[in-house]
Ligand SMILES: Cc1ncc(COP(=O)(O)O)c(C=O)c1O
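Take a look at this single chain in structure tokens; it is the form predicted alone.
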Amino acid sequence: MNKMTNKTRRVLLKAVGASSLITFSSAGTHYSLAQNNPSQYAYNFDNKINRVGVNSIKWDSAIAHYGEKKIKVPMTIADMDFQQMPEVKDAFLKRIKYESYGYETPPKSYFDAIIKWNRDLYGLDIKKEWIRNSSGLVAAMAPAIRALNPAGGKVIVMTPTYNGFFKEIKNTGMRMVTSPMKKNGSRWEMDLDDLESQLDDETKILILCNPNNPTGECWTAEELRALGDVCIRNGITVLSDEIWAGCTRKSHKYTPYASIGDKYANSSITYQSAAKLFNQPMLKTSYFFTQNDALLNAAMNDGGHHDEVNVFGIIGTEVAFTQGRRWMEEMNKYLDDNFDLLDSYINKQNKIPGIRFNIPEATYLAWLDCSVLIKRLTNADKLPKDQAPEKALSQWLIENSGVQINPGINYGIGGDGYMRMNIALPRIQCEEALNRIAKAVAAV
């Protein structure tokens, strides 16, 4: 949108009245006529963007595999179907005008943005000399896993959890040990007795997902300290994946592992990024930090980590962390409303019999309990008995509704009977997906 002239602005002011709230971006890229209505947004999350034909994994890869007629609303890989924050786009356009892509180093302002963001939002004080960069969180963990574990050693994870950990543990030549979490009412809890019983001299690393993907828990300080005490007692270094920091639901609070006490910060490495919160995964820029020089040196030197990142990732992170507070707040509010839609549609109105879910404490992932639906479809001979039922349900939904969601068993022990649905998309598409699934289920 072009910058508004003073005349245009006066016309709008006159049209909406003096009591209306009008906001303009510093770059002149958007405006909002709020009229004292908190439901109005400065940013447009309802705008549908066409992601077909741009090599999208969520859209193009699914269409290539299943066909365009079958994929109507993919809700799988954890990125957003929202437009990029316009201030980031404007910064990219400005950088493009400087036509050199030679070697550069991240500027001081980039590190300052990371430090200030963590201090202002999370109460976490970190220093520039603690920070290192990486193209991705899981990629950054690999050198630390190799450096801190014995050859062929063990890495423990608490499932259900992000399945990218599984592949990376295998790629480093280590063995994965699983400690399943326990479902207690609407919440998943760490089973610390089981966890500690599985630790031995070959286990030196625990990978923590904080907040948790796919179940959505924001681990409390008390929960994190209890976990940390087990790890410290057994000589375990915690690698804390905190990529979902800030993507929290309503009154819930994200607690950085490094903020719960000095002894915990000193025996851990924290991994963060703007990727999930500001939808920048293909900018391939993340960072990690620890106050423990020995751990940092092990990851960098013994593990052989290279901390180069691309120029647009640096810009995207810095702009998001310096100008993105309102975008984040509005995006989270929009996601809260999407989750309220699911809660009303699935739980309160029971429009999709056989599915239940609890609104998560963080992330934009709905962790759907589909165990009753799976049983119903299996009894009706709609799901093949020679295939994992969650994967069979995923295929059945594609064939019968055009909606694609992830099988829960992809995320380890505890995922049986569950499916993961990404709701970071315009509400009209979220409604379409629910209606399509409801119609398919009703026809059985």
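From 1 onward, residues are counted along the sequence shown. Note that the structure is predicted; figures quoted are calculated from it, not measured.
Separately, the form predicted together with the ligand exists; it is not shown, and the next lines address it.
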item	value
4.5 angstroms heavy atom contact with the ligand in the model of the complex for Y162	yes
4.5 angstroms heavy atom contact with the ligand in the model of the complex for S268	no
Residue contact check: C370 to the ligand in the model of the complex, 4.5 Å heavy atom	no
4.5 Å heavy atom contact, W244 to the ligand in the model of the complex	yes
Contact at L137, C209 and K276 by the ligand in the model of the complex, all three, heavy atom at most 4.5 Å	yes
Contact residue in the model of the complex, from L342, A78, I314, M190 (heavy atom within 4.5 Å of the ligand)	A78
Contact assignment for the ligand in the model of the complex, among K333, K351, R175, K284, heavy atom within 4.5 Å	K284
Proximity to the ligand in the model of the complex (heavy atom, within 4.5 Å), stretch among 297-305, 120-128, 209-217, 82-90	209-217
Contact set, 289-303 vs the ligand in the model of the complex - heavy atom within 4.5 angstroms	none
